[in-house]
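Following this are structure 1 and structure 2, which are two forms of one protein chain, each written alone as structure tokens.
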Structure 1
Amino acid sequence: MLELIKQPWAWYIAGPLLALVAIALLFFGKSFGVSATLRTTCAALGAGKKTSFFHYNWKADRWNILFVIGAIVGGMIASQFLMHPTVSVSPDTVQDLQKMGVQDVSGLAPADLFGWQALFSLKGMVVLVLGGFLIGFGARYAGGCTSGHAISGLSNLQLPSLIAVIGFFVGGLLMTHYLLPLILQL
């Protein structure tokens, strides 16, 4: 059983499992997503006293916090104990990153982009800090993040989620092919 869990799961197994989670959440009147957890956490910590955006009944959404904690703990367990040694970045991606000057592509997150040393460089600040801010801003502006729109929104047949997902893909393509090469030259 442990060997089965350690193997990469095919899309026809992981996809239906994800659909079951989305259906279960819909059954209980919840929506799958991660970005709403920031609002719930801020409200739980008392931000509603300063800003009306955080002044709401956050206790109804406290399951979001538990969900994110579970995702973090599950990710840590998987990376430390269950990670299959053959999971790696594709050779084509490694080659493309090396052409752009990223030399250390030994892990799933290249240390040249996501390591501690990168954080204290101009390139690292742009990728990690500005990128993180833009992701957070975009998720709030779009009314949800990629998981919320792509999984919950599309399963509810919401047109705004379809528009948001198309925007995420277009933005990802623009970032990959035009902006990232410019940022890596900093």
Structure 2
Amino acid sequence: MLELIKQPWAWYIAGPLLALVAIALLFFGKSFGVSATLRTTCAALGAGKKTSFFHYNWKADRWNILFVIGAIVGGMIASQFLMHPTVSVSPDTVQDLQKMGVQDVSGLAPADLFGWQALFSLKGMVVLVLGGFLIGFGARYAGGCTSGHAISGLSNLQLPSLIAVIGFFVGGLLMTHYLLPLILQL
């Protein structure tokens, strides 16, 4: 059993388990969506005093802060006890990344982009700071992220969620194929 847990999980294990988390939240009377935590946090930090968008009863959404605290703890537990040695990423991807100048394809992410020292390089700054900004701005503009739209919204056959997911992919493809190769040369 422990050996099984220590292996990377196949998509047909992970996908249904992820759905179970979303379904559990439905039975708790909530709706699965992670980017809302960013709005809740802004509101909790007092953004509502200045902007009406954050002036709402955020205390009713405190559950999602608890959920992401759990996600952090889950990450800690997994990294300490359940980690497998390497990400089994496709050899084609490895080859493409190396062509783009990402030589060290180990761990969960390239160390020169996702370590503290990345903040001292232009490409690292762009990826971490601009990337984060676009995630926060775009998710709220679109009214949700991968969890809220791609999983919850599509499960409920919401056309707006399908439009949002198409948008996610248009942006992702543009970045991956055209912009990221330029950014990595900075």
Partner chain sequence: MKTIKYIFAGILFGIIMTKAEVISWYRIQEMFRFQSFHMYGIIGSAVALGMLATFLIKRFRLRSIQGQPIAFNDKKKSIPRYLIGGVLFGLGWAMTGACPGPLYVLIGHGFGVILVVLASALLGTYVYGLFRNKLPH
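All residue numbers here follow the sequence of structure 1, with the first residue given the number 1. Take the two forms, find the largest set of C-alpha atoms that superpose within 1.5 Å, and that set is the rigid core. Predicted model only: the values in this text are computed from it and were never measured.
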Please let me know, 1 or 2, which structure is the form predicted alone? 1
Using the core for the fit, does the CA position of A14 change by 2 Å or more between structure 1 and structure 2? yes
Would L26 count as moving between structure 1 and structure 2, using a Cα shift of 2 angstroms or more after superposing the core as the test? yes
